[in-house]
Ligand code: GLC
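There is one chain below, alone, in structure tokens, taken in the form predicted alone.
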């Protein structure tokens, strides 16, 4: 993980252009991360080369046997679309240094070795076929390149490695038409954006791709933050995206089914990012042949049944539910403008009670059909009546109520049962 970049004051022109470029992204909410590379064949984590100290020459042999079946990226994109995801980000080069495209900078790539196919080109085509925005992950760190570690102590090596990095990113930004996201990772070993020449690198990317979105891992803040394996909202006004593994590993690793997130857990994460005006980038690690693990297929298909019903709550412009409690017993909140949404994580039966509401309630509706519900607002609680006895969401058991207030919704709860404590 790169060190957290410091925020810098930006001109109104830069901010306005960012709002233009970021509009689709801030409304997309849900994307698929794909970690795929030589490490997938070993099934022992994407850091296996480093963790097991596999020599470069020994690890290079994996390039001969790397042969994902044609059409694999279509399988990923089809699943992403079915799950309700709006964009994808794929590892074009991970820390191992192997490039999944036809690079002129190195023959350590998928066209000169292994499958003798441009996996990046196949991925881009799949994104476009299924109407998904297309992102490229690129690891700045490189365990294969001889200058990838000595660049920190040798200026000539640093010069060569920065030129190599520039050349690779330039290819990715030039050879595949419109690309929507440039997602850097791990800026080791150089310890400053000046050493990496990050501003120059990102300026080139934007010259070639004027609408590109760039994350914060080139040691510059850029367009959005990237909390990893935790969902933590950035300060208001700062875009952010939680990147999460499906089973504790980015690259493919055989794990028992219980180690993978349930569909219900994924929807819970969608609530968390929606309430914080962020995005969820959920990873799959395809198997060595490029196929998607069955647990991911099953659970993301179920998530798709939920997003098909309740997607209007998460997609589009959302607001933070300020003034409403993050934990309210059987559920919690998100907001879009004047509309507040209560996500019911524990279905109570025919009557639902929400305590501590200080704002008059105008209406309560059960989504997705929007049928009006009877309710009684008492001084200390709201009672919603006439609900179905059984939970109406059969996919993940998380239905949503739309609640409209006469003003800005406000809820006050304490450890006591009486107001004022």
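Numbering follows the first chain given and starts at 1. Source: prediction; values computed, not measured.
Although not depicted, the form predicted together with the ligand is the subject of the following passage.
Trainee: According to a 4.5 angstroms non-hydrogen atom cut-off, is residue 236 in contact with the ligand in the model of the complex?
Mentor: Outside the cut-off, so no.
Trainee: At the 4.5 Å heavy atom threshold, is residue 102 in contact with the ligand in the model of the complex?
Mentor: Heavy-atom contact with the ligand at 4.5 Å: absent for residue 102.
Trainee: Under a 4.5 Å heavy atom criterion, is residue 186 part of the interface with the ligand in the model of the complex?
Mentor: So residue 186 counts as contacting the ligand.
Trainee: Any chance residue 75 has a heavy atom within 4.5 Å of the ligand in the model of the complex?
Mentor: Flag for residue 75 set to no.
Trainee: Heavy atoms within 4.5 Å of the ligand in the model of the complex: which of the stretches 64 to 72, 50 to 58, 367 to 375, 27 to 35 has them?
Mentor: Going through the listed ranges, the match is 27 to 35.
Trainee: Taking the ligand in the model of the complex, would 94, 137 and 217 all count as contacting it (heavy atom within 4.5 Å)?
Mentor: Per the other structure, all of 94, 137 and 217 touch the ligand.
Trainee: Which pick from 243, 89, 80, 205 sits with a heavy atom within 4.5 Å of the ligand in the model of the complex?
Mentor: Comparing distances to the ligand in the model of the complex, the residue within 4.5 Å is 243.
Trainee: Let me know the one among 147, 325, 228, 197 whose heavy atoms come within 4.5 Å of the ligand in the model of the complex, would you?
Mentor: Of the candidates 147, 325, 228, 197, 228 is the one lying within 4.5 Å of the ligand in the model of the complex.
Trainee: Just give me the residues of 250 to 271, first to last, that have a heavy atom within 4.5 Å of the ligand in the model of the complex.
Mentor: Read in sequence order, the lone residue that approaches the ligand (within 4.5 Å, in the model of the complex) is 250.
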